[in-house]
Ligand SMILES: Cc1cc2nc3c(=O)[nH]c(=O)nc-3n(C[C@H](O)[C@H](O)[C@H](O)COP(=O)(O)O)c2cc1C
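Just the one chain here, laid out as structure tokens, in the form predicted on its own.
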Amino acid sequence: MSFDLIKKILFKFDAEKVHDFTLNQFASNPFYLKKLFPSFKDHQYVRSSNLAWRNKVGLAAGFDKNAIALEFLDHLGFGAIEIGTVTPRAQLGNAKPRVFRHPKELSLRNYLGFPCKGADFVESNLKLYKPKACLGINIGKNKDTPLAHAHADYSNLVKKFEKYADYLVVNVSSPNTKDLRKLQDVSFMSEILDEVNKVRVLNKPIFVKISPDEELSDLESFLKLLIDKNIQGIIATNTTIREDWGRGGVSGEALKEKARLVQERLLELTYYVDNFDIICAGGISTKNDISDLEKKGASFFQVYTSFIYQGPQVLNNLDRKNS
């Protein structure tokens, strides 16, 4: 059965229910599914001083929040897999329905609010995982943690997960947790990063995932803060707000233009900066998206929404050799 036919059937049902069903199938039937969906084998390793990916396209956070299907996702051949967002304690997230498809725009909108089974559950899965892909762990504060205490959530998660991660991501930019984006303000961000640095023992790379909705003029000062705090990179970007579409963060093609402005500006600002990486996420769906950003200096890319719309074939679709 082709993916297009599978997608046609699945897209008739609620988006979050389909996602959960699919992820559970990936987790419980990896042997059968590996036969159905072959691995992307053309591994052209991409390296920097901070990262080593088996190819330039990774899976963004949000797809496998609780690290339940890593064996199958690893099999597909992503250069890196980023799990999460992981919160210290289990939480349900926002009320349903909270995931919506916009197929004409090849986009998604979600108002999930960091649903997570908690750090202990995620750790139990990571103990069983023997990764081939680079492993990123995306971390966030619990919904009920006051902003003034958010630094403790992030530092405790770094302490817990540093030994499992190839890199960690401080998520302060989701639009779906009330006031979370306020943590991008200098005072909060500085405190979070200070506390994170205090507990780093293995010196695994730390990235900060940023919003596409901030002023471009603020990026230079934000970047300087991260470099001063010995942070190794930025993931650009998270989802964007489209109030005309309804609540939640928008990803996919509808995010592309706004994300590209942020990505290109950051690549420009960091072109001569040593030991600092920009991972481009948001609207990455074609070979041209990748080649255009490579010309600006990008080496690492993440997909999520294009994986939903294109399926496991997405890695082949993004490979310039398959023209």
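Model, not experiment: these values are computed from the prediction. One-based numbering along the sequence shown.
In what follows, reference is made to the form predicted in complex with the named molecule, a form of this protein that is not presented.
**All of 110, 238 and 303 within 4.5 Å of the named molecule in the predicted complex, heavy atom check** = Yes, the whole trio is in contact, each within 4.5 Å by some heavy atom.
**Request:** With the named molecule left out of view, choose which of 138, 232, 177, 155 has a non-hydrogen atom within 4.5 angstroms of it in the predicted complex.
**Result:** Contact residue from the list: 138.
**Asked** Taking 4.5 angstroms as the cut-off for heavy atoms, does residue 114 touch the named molecule in the predicted complex?
**Response** Residue 114: yes, in contact with the named molecule in the predicted complex.
**Message:** I'd like to check something about residue 281: if you look in the predicted complex, is any of its heavy atoms closer than or equal to 4.5 Å to a heavy atom of the named molecule?
**Reply:** Yes, contact at 4.5 Å.
**Prompt:** Is residue 255 close enough to the named molecule in the predicted complex to count, meaning some heavy atom within 4.5 Å?
**Reply:** Residue 255: contacts the named molecule in the predicted complex.
**Residue contact check: residue 87 to the named molecule in the predicted complex, 4.5 Å heavy atom** = The answer is no: residue 87 has no heavy atom within 4.5 Å of the named molecule.
**Partner-proximal stretch of 123-131, 77-85, 218-226, 186-194 relative to the named molecule in the predicted complex, 4.5 angstroms, heavy atom** = Answer to the contact question: 77-85.
**Asked** Can you tell me which residues in 196-234 come within 4.5 angstroms of the named molecule in the predicted complex, by heavy atoms?
**Response** Only a single residue, 209, comes within 4.5 Å of the partner.
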